[in-house]
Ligand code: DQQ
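We begin with a single chain expressed as structure tokens, specifically the form predicted alone.
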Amino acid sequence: MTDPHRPLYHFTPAKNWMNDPIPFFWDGVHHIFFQHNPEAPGWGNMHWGHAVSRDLVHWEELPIALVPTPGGPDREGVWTGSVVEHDKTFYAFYTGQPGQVQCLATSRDLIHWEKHPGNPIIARRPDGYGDCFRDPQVWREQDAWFMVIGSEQPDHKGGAALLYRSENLNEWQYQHPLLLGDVRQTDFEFECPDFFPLGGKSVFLSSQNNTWWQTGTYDSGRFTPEHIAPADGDKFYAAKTLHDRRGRRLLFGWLREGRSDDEMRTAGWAGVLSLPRQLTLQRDGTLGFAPPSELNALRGRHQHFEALTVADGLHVLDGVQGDVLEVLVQFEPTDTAGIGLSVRCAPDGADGVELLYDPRTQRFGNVPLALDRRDGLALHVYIDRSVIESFANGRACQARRTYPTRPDCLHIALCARGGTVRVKSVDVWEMKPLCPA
């Protein structure tokens, strides 16, 4: 039976479970390795799945890249990590279970992998840190290689990003913390760390409950944050980046399900790869997010509206219907309590998912978004059955999951709270399906 909630233009494996993506770009191809349970649509039995794309739109699932080795240091799971290239060899770093030890595998073609005979290459965490010790990320810096491993300070004081150094990618020496977090800002541990330069600053990503970004300065192996905020809500998780041939920093995340274990077992699949998000450093030092232009290739039939007025409440768009859509709305500046969209709603506007910006609190959902009083809201939304990804003014994102039980929840409504709002324009495109139903 076809699952009406399975997305059609977001990547999902053919069946069963996926979570954390591990992006890598090489020779014109975008690679996404990902946490994968090939035997069930539930978490566990972690392998590295593998998918590739040349255009960021069409994804091909390849054979599983890494599997647990019976009796080996990863016998209970091959967990998240990163991939780098050096001298025509590819190096995959990952956390092996049990014990959260760091392991290495190498490849000449990104398809066939050989595990390092000396695994684990890092067998224990430094003294003084908590249980979390996983998800290595590696980069080249001047004449050496560096690795950051996500960890935690004792007594839930905050996350810890532990910095290692290597001359040969095989032997690693602990240096010191790249960053110590504050539990009041970014929760108590740093899962899935990602650290990279952007626009003259450095960016540190981590996950715990939400994905968090921090921008700041990097000097002598230490990162000093200047701005901190959530990257999205709790459905967007374990986000990591790649750097492509156009010089772009592209972010991918795992979109978590909102269904029960029984419902996932019945569906036979669980977990979705987010659309790519192009990162930019804004003038104020914060992080910006926008969908890359390649996604325009998915557009089909187009509808356009302009000069609309929305009184306090909902305005359902006439003639717009579907659950595989792209929507772009330009709102004029306002000081009402809330503006935005209700998507996947019924014909009367009921039972939809609201995507609202509050100009008074300057928040888009749970994400801060400070707009100038002269700026209107530009809301860009991708609807793909149970997946909703929205971008606001290129500076804030919200990913949501929805599983309507009413078959007529296929409509879109403009929203105004506490006053009247003028809408400059609305554009709606039907999107071309790519993934199997």
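Note that residue numbering follows the sequence shown and begins at 1. Keep in mind that this is a model prediction, so the values were computed, not measured.
Just so you know, the form predicted together with this ligand exists too; it's not on screen, but the next bit is about it.
- Residues Thr80, Cys192 and Trp254 are all found to lie within 4.5 Å of this ligand in the predicted complex, as judged by heavy atom distances.
- Only one of Phe93, Trp172, Tyr357, Tyr237 lies close to this ligand in the predicted complex, with a heavy atom inside 4.5 Å, and it is Tyr237.
- Taking a 4.5 Å heavy atom cutoff to this ligand in the predicted complex, the contact residue among Arg134, Arg277, Arg125, Arg344 is Arg134.
- Annotated contact segment (heavy atom within 4.5 Å of this ligand in the predicted complex): 39-47, selected among 58-66, 378-386, 39-47, 407-415.
- Put simply, Ser390 is far from this ligand in the predicted complex: not one heavy atom of it is within 4.5 Å.
- For Gln35, a non-hydrogen atom is located within 4.5 Å of this ligand in the predicted complex, even though that partner is not displayed.
- This ligand in the predicted complex is not approached by Thr12, whose heavy atoms all lie more than 4.5 angstroms from it.
- Looking at 17-39, the residues that come within 4.5 Å of this ligand in the predicted complex, counting any heavy atom, are Asn19, Asp20, Gln35.
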